[in-house]
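This document starts with one chain, in the form predicted on its own, laid out as structure tokens.
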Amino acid sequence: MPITDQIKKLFKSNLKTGYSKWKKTDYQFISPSNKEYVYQWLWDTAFHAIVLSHFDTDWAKKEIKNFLLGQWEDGFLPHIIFWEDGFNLPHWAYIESKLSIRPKTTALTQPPALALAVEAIYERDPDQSFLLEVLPKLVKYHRWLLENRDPDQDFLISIISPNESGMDELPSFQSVFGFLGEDPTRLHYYYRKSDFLNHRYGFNSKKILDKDYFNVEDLTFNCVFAESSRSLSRLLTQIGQNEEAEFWKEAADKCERSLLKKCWDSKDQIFYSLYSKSEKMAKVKTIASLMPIFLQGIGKEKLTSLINKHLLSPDEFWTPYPIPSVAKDEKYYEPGDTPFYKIKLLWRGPTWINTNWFIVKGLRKHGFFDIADQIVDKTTQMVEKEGFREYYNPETGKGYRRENFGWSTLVLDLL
């Protein structure tokens, strides 16, 4: 079956429809999978829409517009929307949401990739009415991030929970917790501790960041924020909002400059996320350390160092099926799935297709087509061999956990 037909079948199997009493509206969205991940996630929606833009732009627009129905009045966009009515939500939905008998959305956000998706849709279907409907909402969200998550006003956005990175249990966050061990029970506690505290403080971003217990200027979040702001700027120009467009171009440039200056470790020749008001480096080499490849203005010197010393190093990220979420020479690197007798922890080594997408896009942006093509070839092999799985073993290509996983269809966009 052609890959486009496989994806259409997957999206239809993961499609959720109904009527939301709390929002008083019909809803339709593609969930990441048809088991466990059955709600609407922020950056998953962006990825699904990017893929849909190749064969059904109307459906792609619906995905974006459906998610934006869940926007809060102040502009905040949650990382998960619980559309269905009822009280059968998992326990973590209550931990990640404001106090409620039945949460409607979480009170956390996620890497702001929606503008990237809107631009992908618009390039294939230049519908200005779509832009006029969604851009004001995206602008309001991006402004919310600057106003509520940038206390030092350096245009680097802070996240208040590991979940907001999109890569929940990435080992670099252990530097923030001050626990560098590998005991899964203690790790699970530390990865959840910030969410319990956030709940205590009513998910008030300014209060939480002032307390400084989890204040992370995350590489992935900020690379996505910078490039999404650039997309926003270009799209605003299309509808004649030139002053607003210029603001977001400058915001993207300022974010990028701060990241390139503050997050670069000249000794290790790699990027690290920053944590606390004192902006300490979380020195663990993960896929987030390579995310600045996606930035427009990374510069030749830093780019070639990242690629030659790290991405292409067989001791770090150049595995048989790249790109692992943790470098091979880190003690946390675990390429296989979490054994059944351990607490499930994600992002500890396996390869994920959505992060491959960012790196490939960045490599092509900067003219490294051969390396990009090698990653795409290996990514395609994993999908052909194992199907659209949640993540894959970087040593063997074996697929793990959820089947028919939505964002793994991004391979279509790379092809």
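Note that the structure is a prediction, hence the values are computed from the model and not measured. Heads up: residue numbers just count along the shown sequence, starting at 1.
Omitted here: the form predicted in complex with a small molecule. The next part is about that form.
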Within 4.5 Å, heavy atoms only, one stretch in 56-64, 22-30, 345-353, 360-368 touches the small molecule in the predicted bound form. Which? 345-353
Touches the small molecule in the predicted bound form: Pro112 (any heavy atom, 4.5 Å): no
Taking heavy atoms and a 4.5 Å cut-off, does Phe388 contact the small molecule in the predicted bound form? no
At 4.5 Å between heavy atoms, is Tyr392 in contact with the small molecule in the predicted bound form? no
Does any part of Gly166 reach within 4.5 Å of the small molecule in the predicted bound form? Heavy atoms only, please. yes
